[in-house]
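Coming up is one lone chain in structure tokens, specifically the form predicted on its own.
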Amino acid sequence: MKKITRKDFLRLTGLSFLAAGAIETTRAVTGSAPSANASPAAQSSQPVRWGMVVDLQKCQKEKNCDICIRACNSAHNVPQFDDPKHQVKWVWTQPFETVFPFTQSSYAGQSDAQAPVVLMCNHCASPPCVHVCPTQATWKRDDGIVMMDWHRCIGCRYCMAACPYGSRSFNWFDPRPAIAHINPDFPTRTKGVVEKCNFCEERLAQGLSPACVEVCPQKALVFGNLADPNSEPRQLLRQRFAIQREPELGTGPSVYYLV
């Protein structure tokens, strides 16, 4: 058996102390302190999955209403480009027949088929955009919100190709000159990054409702915890028939539409 010299003993002892210190440091970082990306839901024993219910009947009472869109744009510094090809959208509208092409009936009224439907990121339970992002610039929080880190985004647009709902926009130009009044409380983006609706996570952290929900004059947008059977969204889903955007894709959208 090889004899251990004093030099070898001291070297092995030093390595042991270094390893022990590294373990304690790792425990301190990962055990006692919450992650910087952790949502309030992740730190609570109550399960949370944020979601939206849109009452199409209420939403269509006032024609050409875009209050929710303007509120979202203002709160999140969404640029307004003249060229529709460069449009950046967080909340927008499309005709019902375009949004739900497979739910059409030959007996449905034309007014219903052409009525605008409010759209946003669906914050899917299994988001394809997260699966394909090579830099983890987009990820899903424990409370279901699909987030964006614009500093990590490299503009590859894989997430845009993966999203079946067209919920993501690319900044082909510097967006800041296209913002009429910059909100200093929310960061502006740069050319070459993707952006989308974030369910107003910055407002949720302050105990506030999403901007679009707060300003809707018809109260057509209802936001809440889908994991809570007593929440307002869950109550509405029990009372009324609701549809989702292409649920057969297996993405698990968190936005429901009452029809």
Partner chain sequence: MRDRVWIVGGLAVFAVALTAPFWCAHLGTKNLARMPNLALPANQTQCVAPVEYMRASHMVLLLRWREEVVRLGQRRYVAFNGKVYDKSLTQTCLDCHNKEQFCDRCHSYAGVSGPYCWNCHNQPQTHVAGTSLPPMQPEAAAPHLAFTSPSRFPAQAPHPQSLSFPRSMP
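Numbering follows the first chain given and starts at 1. These numbers were taken from a predicted model, which means no experiment stands behind them.
Another form exists, predicted together with its partner chain; not displayed. Remarks below refer to it.
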| item | value |
| --- | --- |
| is_contact(Ala115, its partner chain) in the predicted complex, heavy atom dist at most 4.5 Å | no |
| Its partner chain contact at Asn77 in the predicted complex, heavy atom, 4.5 Å | yes |
| Proximity of Val146 to its partner chain in the predicted complex, heavy atoms at 4.5 Å | no |
| Non-hydrogen atom contact Leu56 with its partner chain in the predicted complex at 4.5 angstroms | no |
| Neighbours of its partner chain in the predicted complex among 130-154 [non-hydrogen atom within 4.5 angstroms] | Gln136, Ala137, Trp139, Met147, Met148, Asp149, His151, Arg152 |
